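First, one chain by itself: the form predicted alone, in structure tokens.
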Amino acid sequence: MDLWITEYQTPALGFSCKINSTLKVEQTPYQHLAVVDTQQFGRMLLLDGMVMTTDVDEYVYHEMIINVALNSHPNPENVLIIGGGDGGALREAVRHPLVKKATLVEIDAQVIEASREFFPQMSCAFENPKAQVIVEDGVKYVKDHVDEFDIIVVDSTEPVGPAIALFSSEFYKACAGALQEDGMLVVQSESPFFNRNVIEMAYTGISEHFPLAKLYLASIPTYPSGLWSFTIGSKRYDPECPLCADYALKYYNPEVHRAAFVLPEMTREILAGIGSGR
């Protein structure tokens, strides 16, 4: 008998993958966690039934959430990652030659342990000498660290459960306070097709506390619609301008960096609607 797992991305749309086996299922103090082995995308991590990452396409998300900011900032020595307990964003941060320290703050220790056990290609940075891994509430951590970081990356789930606070104007204000005078904040802001409200929430909140706010896109096959957005706030530097001409990875390169900010018209209309109050 064939076994399939389905993420219901909207009430009318499901994303299904044929699976070979279920590797882990547990209820953590914060969310339902599952790891399955799929035929198409390898191992897959789900939280509360939503696909967080897979072996096959994780590099797109992790390279793009980290490297756009790191390659727009002339001296991104100290990086803070809120969420991202799978370790993929941390891996990308510590591999960057200008980063001296990368701190991962994840509220759910069981996500970290599941990644250690099942996703070695992502969790490989947990023991890196540049890395620090802390199990704590990211909202509290940001408020307790003022004027400290060059880059803050919010690698969160959708704004449900413990992640709701990570999309608030109050949290973005705290992030601005935790950044140095030329710092940058990056958040994942969901699909332009299915999550217009999340883009509006992130872009509006970041615009309130950063002089420069911009949206950029990447193609991630296992995320709803396959088109994913990130919102970036900068105190000084233009995030559209990569400073390293030859920093190329599996998905990211300087040309992709620039092109990611070229938005389709329907996405521009979302941002225009924010500006006009529609």
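One rule holds for the numbers: they count along the sequence shown, beginning at 1. What you see is a predicted model; the values in this text were computed from it and never measured.
There is another form of this protein, the form predicted together with a small molecule, and it is not shown here; the text below is about that form.
query = Would you say all of Glu63, Ala93 and Glu127 touch the small molecule in the predicted complex, counting a heavy atom within 4.5 Å as a touch?
reply = Heavy-atom distance to the small molecule in the predicted complex: none of the three under 4.5 Å.
query = Considering the small molecule in the predicted complex, which of Thr103, Ser156, Asn71, Asn195 comes within 4.5 Å of it through any heavy atom?
reply = Contact check passes for Ser156.
query = Among the candidate residues Ser234, Thr38, Gln31, Thr222, which is the single one with a non-hydrogen atom no more than 4.5 Å from the small molecule in the predicted complex?
reply = If I apply the 4.5 Å criterion carefully, the residue I get is Gln31.
ask   = Taking the partner as it appears in the predicted complex, which of 76 to 84, 145 to 153, 173 to 181, 204 to 212 has residues with heavy atoms within 4.5 Å of the small molecule?
value = Every other range fails; the passing one is 76 to 84.
query = Is Met52 one of the residues lying within 4.5 Å of the small molecule in the predicted complex, judged by heavy atom distances?
reply = Yes, Met52 sits close enough to the small molecule in the predicted complex that at least one of its heavy atoms falls within 4.5 Å.
query = Is Trp228 close to the small molecule in the predicted complex, meaning a heavy atom pair under 4.5 Å apart or at it?
reply = Taking the distances in the predicted complex, the answer for Trp228 is yes, it comes within 4.5 Å of the small molecule.
query = Could you tell me if Glu113 has a non-hydrogen atom within 4.5 Å of the small molecule in the predicted complex?
reply = Answer no; every heavy atom of Glu113 is more than 4.5 Å from the small molecule in the predicted complex.
query = Within a 4.5 Å heavy atom cut-off, is Glu136 in contact with the small molecule in the predicted complex?
reply = Taking the distances in the predicted complex, the answer for Glu136 is yes, it comes within 4.5 Å of the small molecule.
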